[in-house]
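Only one chain is included here, represented as structure tokens and corresponding to the form predicted alone.
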Amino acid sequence: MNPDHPRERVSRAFAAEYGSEPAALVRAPGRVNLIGEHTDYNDGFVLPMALDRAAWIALTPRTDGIVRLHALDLEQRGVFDVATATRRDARGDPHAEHGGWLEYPRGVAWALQESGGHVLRGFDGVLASDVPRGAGLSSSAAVELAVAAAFQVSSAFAWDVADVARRMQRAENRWVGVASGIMDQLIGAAGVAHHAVLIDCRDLSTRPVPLPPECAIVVLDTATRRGLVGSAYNERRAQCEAAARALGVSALRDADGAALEAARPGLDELVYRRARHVISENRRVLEAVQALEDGDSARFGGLMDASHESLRLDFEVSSEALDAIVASARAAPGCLGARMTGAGFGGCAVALVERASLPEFLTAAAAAYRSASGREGELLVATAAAGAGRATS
């Protein structure tokens, strides 16, 4: 194992911090969404895969409710009592060392306990991650799920994938303050090695979809970042809700293109275009699953291209850097399709690439993006990984 891998780093740091070996290691992956952007909070369909980049926690359970956590990447330490994780204001918790990053584990403790949830015991832990922050690869959801997995070890509650995902979404929505959908948390909990996962964001059903062995998934990091809470994400969600109300449906999942066109004269043009993206994107996800199951990688790549154009023009969440790296990927050898991934406004794109051309693709795409943007993008050949839980040796 690479000594710089977060698994090794948290194990070493735990021994140094607490004077003993950890009792357990847990991990929770980041994710890359292959297609289906801004459909999750519209009760639609998404096709992500869990990444082999993950958040890791080395821990030893405690018999009380105290959580002591060293965030290794930030070189910060936090302490709180799960019994007082009932509000974001940490006053009244004699154990709390209040800080911005600590709101994530405190929010997890709140979400796991609320509404007749689990009885939690604390733990001593060290946290590290190699999921890039702010890149649209769900670094925050990975941390949340890793903390949830640590609580599962310390508290021995049943790990129900859908329930944990819903609770982590509530932590993100109601504690952190981001109106995210369920995709990030659910793929992080339900990932399947070597597969993408089709998620129905209404009933939370999942179906593994095998990835083509002759192709590679390449994540293309623009080296630009966006702040999700301060971005236009929440505004886009509100526009989608306005479109659903105008169309007389509970969510845009229930609308089709014909209904949207019929209602267009009475819709604000911006709301119309937001809805057109969501409705067409839901259709593209289902077509993409069929293409993969038919072994039609070229068709899948074409749907990725169409998704990016819809996100760029109708949903307006791309950026100059994202457009540049997508264009650089598409022009490189072996690329079958590329699109931005994540909420947008910066971060990463994803490409489907023929493995036979992978070395040439990586060299050409990186050079083209450098020339177009003046930035050094990072290209990661990704492997689909399993979901969150206790790590095995």
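Position 1 is the first residue in the sequence shown; the rest follow in order. Bear in mind the structure is a predicted one, so any value in this text is a computation, not a measurement.
Although not depicted, the form predicted in complex with ligand ADP is the subject of the following passage.
Peer 1: Taking 4.5 Å between heavy atoms as the contact cutoff, choose which of Ala259, Ala306, Leu211, Ala71 touches ligand ADP in the predicted bound form.
Peer 2: Partner contact (heavy atom, 4.5 Å) among the options: Ala71.
Peer 1: From the list Ala109, Leu127, Met168, Ala189, which entry has a heavy atom within 4.5 Å of ligand ADP in the predicted bound form?
Peer 2: Contact check passes for Leu127.
Peer 1: Just one of 137-145, 113-121, 306-314, 238-246 has heavy atoms within 4.5 Å of ligand ADP in the predicted bound form; which?
Peer 2: Heavy-atom contact with the partner occurs in 137-145.
Peer 1: Consider Tyr104 of the chain shown here, and say whether it contacts ligand ADP in the predicted bound form, taking contact as heavy atoms within 4.5 Å.
Peer 2: Because a heavy atom of Tyr104 falls inside 4.5 Å of ligand ADP in the predicted bound form, the answer is yes.
Peer 1: Answer with yes or no whether Gly302 is in contact with ligand ADP in the predicted bound form, where contact means some heavy atom within 4.5 Å.
Peer 2: No - in the predicted bound form, heavy atoms of Gly302 and ligand ADP never come within 4.5 Å of each other.
Peer 1: Quick one: is Asp221 in contact with ligand ADP in the predicted bound form, heavy atoms, 4.5 Å cut-off?
Peer 2: No.
Peer 1: Would Glu281 show up as a contact with ligand ADP in the predicted bound form if we use heavy atoms at 4.5 Å?
Peer 2: Outside the cut-off, so no.
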